[in-house]
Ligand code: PSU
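Before any questions on how it binds or moves, here is one chain, the form predicted on its own, in structure tokens.
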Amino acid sequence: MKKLHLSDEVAEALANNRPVVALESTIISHGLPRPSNLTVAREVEALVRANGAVPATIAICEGRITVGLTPNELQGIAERDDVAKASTRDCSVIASRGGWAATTVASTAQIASLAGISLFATGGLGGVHRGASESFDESADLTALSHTPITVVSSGVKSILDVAATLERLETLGITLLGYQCDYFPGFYLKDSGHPLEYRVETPEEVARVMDSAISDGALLVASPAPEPMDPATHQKLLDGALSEAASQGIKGKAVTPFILERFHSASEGLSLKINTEIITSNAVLASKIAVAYASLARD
């Protein structure tokens, strides 16, 4: 594997057992519109620092698999038109060709783990797509997290997916799932997807103790609901319209999710973008607090 390039700040923090939080870059390049994407990326990194941790945004920049972006690299991921979307299968090819790419949940988690980072904050995970019994369409996030020892803070999986099937896959893959101050699995835009959780935690310190007791090589998922979720009736109306439009236009495979998310953004008149931004920032804050608690636990 091509050698990872760690920023001086991240390398120093890891060498001194200081808390570090990994951040994915697909949110920046493909998940948020310009120019707010760069503004949010900078805000998230500032929030991580304000809560006692070091941010490590991960991406591929000119062929370098980079952990901790410089301001210019962060701007490049946000503004360049040639930034690919790289899951685990894509990273080696793009890196060998000297390209630029934003990393998904799957690739960010694996790169962060290889670098020695224990916490990763994101918006929502990929999962099992609707109709997967025929299409076999399932995000690489699930498989990657089944063998990557890292704690991921997210707001569940995107509500446009098959949530019930995704939860079944998480159980089958042996991925531990915690609800942070919630009893039901969040559905990204939705506070409650309708599926109960077995384990609930109340504090970052409690999550840190679970991390310290882990025996699995797989990920620990901390599900934290959106601070101000979407009304379920509004969500259903938007989803039905987006799914119908995708079907009529013949949108299939990996193109479905970005298509539906874009329709959510436009049809909700900015509401979904607002919720998306709040999810990213609140999860980064929570991950930072967990990272600080875990580092403190390790020192005791």
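Numbers follow the displayed sequence, beginning with 1. Just so it is clear, the model here is predicted, and its values are computed rather than measured.
Heads up, the form predicted together with pseudouridine-5'-monophosphate (PSU) isn't pictured, but that's what we're talking about next.
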Check T26 for me: does it contact pseudouridine-5'-monophosphate (PSU) in the predicted bound form (non-hydrogen atoms, 4.5 angstroms)? yes
Look up in the predicted bound form whether N276 has a non-hydrogen atom within 4.5 angstroms of pseudouridine-5'-monophosphate (PSU), and give yes or no. yes
G124: heavy atom within 4.5 Å of pseudouridine-5'-monophosphate (PSU) in the predicted bound form? yes
In the predicted bound form, does T257 have a heavy atom within 4.5 Å of pseudouridine-5'-monophosphate (PSU)? yes
Quick one: in the predicted bound form, does every one of L6, I58 and T151 get a heavy atom within 4.5 Å of pseudouridine-5'-monophosphate (PSU)? no
Testing 137 to 145, 90 to 98, 166 to 174, 209 to 217 against pseudouridine-5'-monophosphate (PSU) in the predicted bound form with a 4.5 Å heavy atom criterion leaves exactly one stretch, namely 137 to 145
Only one of V105, A223, I77, I117 gets a heavy atom within 4.5 Å of pseudouridine-5'-monophosphate (PSU) in the predicted bound form. Which one? V105
Which listed residue (R200, H195, K191, K85) meets the criterion of a heavy atom within 4.5 Å of pseudouridine-5'-monophosphate (PSU) in the predicted bound form? K85
Given a 4.5 Å distance limit between heavy atoms, list every residue of 202 to 224 close to pseudouridine-5'-monophosphate (PSU) in the predicted bound form, or none if there are none. none
